[in-house]
Ligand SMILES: Cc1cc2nc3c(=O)[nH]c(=O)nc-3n(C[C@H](O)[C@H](O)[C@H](O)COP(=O)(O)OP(=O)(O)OC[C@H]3O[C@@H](n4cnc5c(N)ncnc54)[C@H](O)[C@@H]3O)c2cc1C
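This document opens with one chain alone, in structure tokens, the form predicted alone.
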Amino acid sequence: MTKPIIIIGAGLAGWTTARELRKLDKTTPLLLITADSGDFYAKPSLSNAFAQKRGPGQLVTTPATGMAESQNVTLQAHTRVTAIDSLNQTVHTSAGEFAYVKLVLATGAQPIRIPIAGDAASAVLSVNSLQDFSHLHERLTDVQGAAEATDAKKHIVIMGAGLIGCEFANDLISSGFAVTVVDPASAPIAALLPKGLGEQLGEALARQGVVWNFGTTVQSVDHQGNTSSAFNVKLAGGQTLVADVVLSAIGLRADLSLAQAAGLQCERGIVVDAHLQTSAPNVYALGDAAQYVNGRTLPYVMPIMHAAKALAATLLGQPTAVQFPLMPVAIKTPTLPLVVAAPAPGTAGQWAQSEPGVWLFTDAHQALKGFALSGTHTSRRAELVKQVV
């Protein structure tokens, strides 16, 4: 029996690799192993679904059975991979042992959870999957129902003013909640946006009602009392907030557990070469789990699409190096729509606002290396992509 190509992970990276491979080859055995159901959904939709009144079931675009049938994939759902033996080319799982000819790690990332004191620390939610969103959606629906009964807004505290935290803040303030965001930085999305544009986003969301607590962190989360479902959220400076839901959106960290146990080279992600091969022969990685050439981690949709296309050809014996073009990121904050194309890591230069709504990152020779757009200027994305050198 011919050994299959095995893909571990049924997120965007896993399923896109399967689809790209099937565009080139209809019959090579392909086995996809996932700890969840394998249903296909757009993960970026999780941070703006509540205001659109879309529940977890409505976010599934294709059920797992449909994906498996259309891509001629053997799906091993609800199966946890326990170990990888790269020497003997086998994968050990809760459903038994599977041999592979080539292996793809599309294991994604896990939410960063910082230590928090308090008897309700375990009640802090984070959203990185459809199952996570189901828990949040259920909780938000419950507290929203209670708010309607008492005619009082319910309060959400979000830990983290990064991209995901801001998207949730916009979504939840638009859904009728009171929202407070806590972050040690001095402006929203400080790691990605020029400071002035981050401040503009902060002001725009503040006008909608979002309250910012910058320069501090959450220290503890405690139940407010035996008869209350609310929490006391204590900040580093001593201030205490009362919250009905606490959501952690601090960021993601590559899931390296399997790769490290298998002895693969890992740093911030699973280290891969230009062909997406790891330090082990016939083992590849992409998506949120991977660290690409030059130490880059690219936890966005477009890099996954480019990587999966190149990897599919490589898996079928046509070695193809992945090449990432400039890939602008659209930030889903309808209060102030944003598109940012950050310069490559390590690029020397500075941000400057060239006109209202347009920020340019240029080097010492005034060459354009990146840009950020807001409001109606986001429509100029394609125009500016052509100008980046």
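One rule holds for the numbers: they count along the sequence shown, beginning at 1. Quick caveat, the model's predicted, so the values are computed rather than measured.
Below: the form predicted in complex with the named molecule, not depicted.
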| property | result |
| --- | --- |
| Position in contact with the named molecule when the complex is considered in the predicted complex, options G55, P63, P334, P44, heavy atoms within 4.5 Å | P44 |
| Among the candidates Q219, Q71, N128, N213, the residue which, in the predicted complex, approaches the named molecule to within 4.5 Å (heavy atoms) | N128 |
| Non-hydrogen atom within 4.5 angstroms of the named molecule in the predicted complex for each of I33, L258 and G287 | yes |
| In the predicted complex, Q200 touching the named molecule (heavy atom, 4.5 Å) | no |
| Contact label in the predicted complex: A330 to the named molecule, heavy atom within 4.5 Å | yes |
| Touches the named molecule in the predicted complex: A230 (any heavy atom, 4.5 Å) | no |
| The named molecule contact in the predicted complex: N170, any heavy atom under 4.5 Å | no |
| The named molecule in the predicted complex: contacting segment from 161 to 169, 113 to 121, 200 to 208, 177 to 185, heavy atom within 4.5 Å | 161 to 169 |
| Residues within stretch 97 to 112 having a non-hydrogen atom within 4.5 Å of the named molecule in the predicted complex | A106, T107, G108, A109 |
